[in-house]
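In the block that follows, a single chain appears as C-alpha cells, in the form predicted alone.
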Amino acid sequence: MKKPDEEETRMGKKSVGRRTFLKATGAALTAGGLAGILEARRAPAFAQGAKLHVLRWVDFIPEADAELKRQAPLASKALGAEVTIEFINVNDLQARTTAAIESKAGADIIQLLWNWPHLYASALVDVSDVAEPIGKAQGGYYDIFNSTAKVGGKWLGVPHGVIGNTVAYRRSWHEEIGVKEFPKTWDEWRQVGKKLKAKGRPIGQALGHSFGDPPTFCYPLLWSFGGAETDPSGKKVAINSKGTIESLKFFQAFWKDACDEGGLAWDDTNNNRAFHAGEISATLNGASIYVVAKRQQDKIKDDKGQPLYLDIEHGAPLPGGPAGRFALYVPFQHGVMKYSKNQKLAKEFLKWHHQKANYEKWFEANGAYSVGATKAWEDHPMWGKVDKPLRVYQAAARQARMFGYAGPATAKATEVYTKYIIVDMYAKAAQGMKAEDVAKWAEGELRKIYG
C-alpha cells in the first residue's frame, strides 16, 4: 500500500512529503551576499537606512498578497532596510512600468508579466547572478522562461511563477444535457455550448483589453487552426492565412451559438463574477474561480443553496482544432530597474524571498493558482492536499507556448500583445466583420510592427 505522500496525482506526478521535498531542493539560496548578511546578523552598509519599493499586481488570490504583506517587515528586518510592496490593478501595471522607465523614477523592483523583459531590456539590470542559482537549486526553470525572462543570454528578470488557464465548468449543468466529459474539439464545444445557451447558461469568454483571459483564449484558438503571427524566422508576417481565416469563421459561429455576447466588454474579473453568480456555464480561467469559491463557500452558493465549488470542474484544457491543441499561460518575473539606486539591495531582497521558507509560504497561499517557476515545486507536498479539479495545474507550465509563435518571442511580439491586435481580431469577427477582411486588417496592423 502506498504511503499518502506517494500517491499518484492526476497529472501523473507524485507528491512527496515535506521533509523529502526540503531535502531535495535544499535550503539553497543562502549563498553570496545574503548568507553574509544573515551570518553577520547586521545590515550591510549599502542597506542601512535604505528603502526598497516593490511594485506588483493585485493578485486574484487575496491570500497571496496578504502573505507578501506579512513578509515585507520580515524582509526589512533581515536586510536592514525598509521594504514596501505596492499592489496595483494588473491592467495598470504596464502603463506604470513604462512611465517609471521614461521618468527614471519609481519602484526598484517591478513585476513583469509575459515577455516584458524583451520590451524593457534597456531599462533592466542583469540579474543572472540571482536567477541562475535559484534555477539550479530548484530543478531548473520551465522552458517558457527562456523565452520571457532571458534576453541575449542574460536573465533580465528573476522568474517568479506561472498561472495556468483551463476551462472551469459547472458539472451538473453539463450532465443535465448528457455531457460527462468535457469536449476535446472546438466543434464539440460549440454544440455543447449551443445547448447550454438555449437553457440560459451560455459560455462566458472575456474579449476586452485585459491582460489574461482574452489573450490566453485567442492565441491558442489561432494556433489550433494553423494560424500564426509570423513565419518561424519571426521576420515575415503570416497572419493572413487559411488557418487564421478558418479560425475566425469558426469563432463567429461559436460566439453566436454558444457564448454570452456581453463578453466583448469583459476584463479578467467579469467572468469570475458571472461564474460565481450562476450566469455562465463555463469559462477559461486560472484556478481562482475554484479557490475563491471554496474559501468563500459560505457566500458563494449554487442554485440549490449548496457551496458552488462542489459543482465546479476545473481541469479542462481548451479544445483542439485541425492543427492540434495548445496553451498560452501567464509567466511572470521580477525585474530590477536600472534607474534604481538600490540595485544591490533589490537583488538581496529577491534572494531572500526565494529562500525556501519564504517562497514556500507564498506558493502555498496561492493554492495552485500561481505555481512555481521551477520544476521542483511540482513535487511539493501541497499537491497531495489540493482538490482534484486543481491538480491539472501541477505540471501545466511545461505545456505553454509564448507570443510570436511560430517565430521567437521578441519585443515585437510583446507589442502585438500589448496593442491587443490578436484579441481585437477575434472581437471584430464576433461583431460581424467578414473573416477575410479581419485577417487583412490584422496583417496591416502586424506589418506596422514587424515591418
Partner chain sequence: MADAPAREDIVTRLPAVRPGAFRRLLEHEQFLAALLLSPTLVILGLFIAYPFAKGIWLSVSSATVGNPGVFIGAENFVKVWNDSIFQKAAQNTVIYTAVATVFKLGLGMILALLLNHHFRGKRLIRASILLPFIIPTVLSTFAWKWMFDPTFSVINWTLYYFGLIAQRIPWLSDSNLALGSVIIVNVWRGMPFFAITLLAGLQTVNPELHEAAAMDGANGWQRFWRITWPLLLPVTMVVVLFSVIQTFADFQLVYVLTGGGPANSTHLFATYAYQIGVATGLLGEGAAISLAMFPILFVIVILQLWYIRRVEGA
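Residue numbers count along the first chain shown, from 1. As the structure is a computational prediction, the values presented were derived from the model and not from experiment.
FYI, the form predicted in complex with the partner chain isn't displayed, but the following is about it.
Please tell me which of Val83, Val371, Leu119, Val291 lies within 4.5 Å of the partner chain in the predicted bound form, judged by heavy atoms. By the 4.5 Å heavy-atom cutoff, the listed residue in contact is Leu119.
So which of 382 to 390, 413 to 421, 397 to 405, 60 to 68 is the stretch with heavy atoms within 4.5 Å of the partner chain in the predicted bound form? Heavy-atom contact with the partner occurs in 413 to 421.
Ala277: touches the partner chain in the predicted bound form, heavy atom cutoff 4.5 angstroms: Yes.
Just checking whether Val167 would be counted as a contact of the partner chain in the predicted bound form - the rule being heavy atoms within 4.5 angstroms. No.
Using the partner position in the predicted bound form, report whether Ile101 sits within 4.5 Å of the partner chain, counting heavy atoms only. It does: once the partner chain is placed as it appears in the predicted bound form, Ile101 has a heavy atom within 4.5 Å of it.
His209 near the partner chain in the predicted bound form, any heavy atom under 4.5 Å? Contact with the partner chain, yes.
Are Asn91, Gln94 and Lys448 jointly within 4.5 Å of the partner chain in the predicted bound form, each by at least one heavy atom? Yes, the whole candidate spot contacts the partner chain.
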